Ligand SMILES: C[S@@+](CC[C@H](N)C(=O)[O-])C[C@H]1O[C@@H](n2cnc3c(N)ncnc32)[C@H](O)[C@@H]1O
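We begin with a single chain expressed as structure tokens, specifically the form predicted alone.
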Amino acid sequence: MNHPELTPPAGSLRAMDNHFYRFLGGGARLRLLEVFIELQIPELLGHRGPMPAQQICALLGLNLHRGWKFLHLLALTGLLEEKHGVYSGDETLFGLSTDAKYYFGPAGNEGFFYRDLVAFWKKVADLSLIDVLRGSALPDGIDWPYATPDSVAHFEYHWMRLTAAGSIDTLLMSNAMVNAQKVLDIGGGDGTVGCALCSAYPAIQVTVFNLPVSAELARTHIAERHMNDRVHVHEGDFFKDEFPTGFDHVLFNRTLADWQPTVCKMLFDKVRRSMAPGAKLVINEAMLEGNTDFTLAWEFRYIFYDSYGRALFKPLSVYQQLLEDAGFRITHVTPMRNEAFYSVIEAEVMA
């Protein structure tokens, strides 16, 4: 039951205090999540089902009094469900919540992407942020572009392919590619999006533009999908090379958010030089609007990666200005759907 009278009015002192406690609560949630994963609670409860705190604490070697409070806090975060018994009583059962099953699977043994995100937070927690901001060495800094087959495979498979479904669904639901025949997918990874477009639209041909090591991985994946006749690969470095020509649709799918606005403007200039008359530019990206926590988490992460730029997740107004500066006008925007972070911008060359 909702009790609006218990919610502090906007601008009140209580609301201001609540806002400050969001900072502290965020730190508490992160620590709880780290230990939730480290103790393998998703696997334990996914395998055995809901259990009382006494049994969970005995299996994990936890002090019962402290462990009960820990499990209760996990329930407050939404990672566990707290059922039966008197509130705070020994009869209470703790089981995986719907959210936990979404993140880690019904058996609690899935969710590589989410586990990897938390592993990064644990890694940088031991670093002094002040020292990092003053220029100390970054022990696990990422160099871009990825150069080794292992680093490319990790990025393209674990980070891009396994998380591609939301962006692909958003792109297809936008209908931005319905009339496409020849598509240039810039920074198209291992061809996952190109193959998805060809599966959805029988008449389409896609060329993936990417760096040599990623391009090799794309050729292998495209062959495994038996799409060689429709999804092609063009090796290139978009910092150095012009884009191939003759395409009626040019696509940036989850590519521009890795680069600051000056780089995006350079890419739009190159796209305009390469586009066939009447062609369409399609951008499928996570915008700043509606994604504040997402942006905060990722932009914080990028402090520890010197090779990444500044202000990477941009509001729609910035894309609009960059496109206008490059000679494009936006013709349609498909807003973010409830299932994914992404919005689709369609643009054409100004008359």
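Residue positions are given as counts along the sequence shown, with the first one as 1. As the structure is a prediction and not an experimental result, all values here were calculated from the model.
Below, we refer to the form predicted together with the named molecule, which is not included among the displayed structures.
Visitor: Out of A176, L79, L184, V193, which one falls within 4.5 Å of the named molecule in the predicted bound form, going by heavy atoms?
Guide: Comparing distances to the named molecule in the predicted bound form, the residue within 4.5 Å is V193.
Visitor: Tell me, which of T255, Q205, S274, S97 has a heavy atom within 4.5 angstroms of the named molecule in the predicted bound form?
Guide: That would be T255.
Visitor: Whether I41, Y103 and F120 jointly form a contact site for the named molecule in the predicted bound form is the question; each needs a heavy atom within 4.5 Å.
Guide: The answer is no; none of I41, Y103 and F120 reaches the named molecule.
Visitor: Taking the named molecule as it sits in the predicted bound form, is S214 in contact with it (heavy atom to heavy atom, 4.5 Å or less)?
Guide: Flag for S214 set to yes.
Visitor: Even though the named molecule is not shown here, does D248 get within 4.5 Å of it in the predicted bound form, heavy atoms only?
Guide: Contact check for D248: no, nothing within 4.5 Å of the named molecule in the predicted bound form.
Visitor: Would Y114 count as a contact of the named molecule in the predicted bound form, using a 4.5 angstroms cut-off between non-hydrogen atoms?
Guide: Judged by the heavy-atom cut-off of 4.5 Å, Y114 is well away from the named molecule in the predicted bound form.
Visitor: If you check in the predicted bound form, is G108 within 4.5 Å of the named molecule, heavy atoms only?
Guide: No, no contact at 4.5 Å.
Visitor: Within 4.5 Å of the named molecule in the predicted bound form, counting heavy atoms only, one of 71 to 79, 176 to 184, 206 to 214, 125 to 133 shows up; tell me which.
Guide: Contact-bearing stretch, as computed: 206 to 214.
Visitor: Going through 231 to 268 from first to last, which residues have a non-hydrogen atom within 4.5 Å of the named molecule in the predicted bound form?
Guide: Residues within 4.5 Å: G236, D237, F238, F239, N253, R254, T255, D258, W259.
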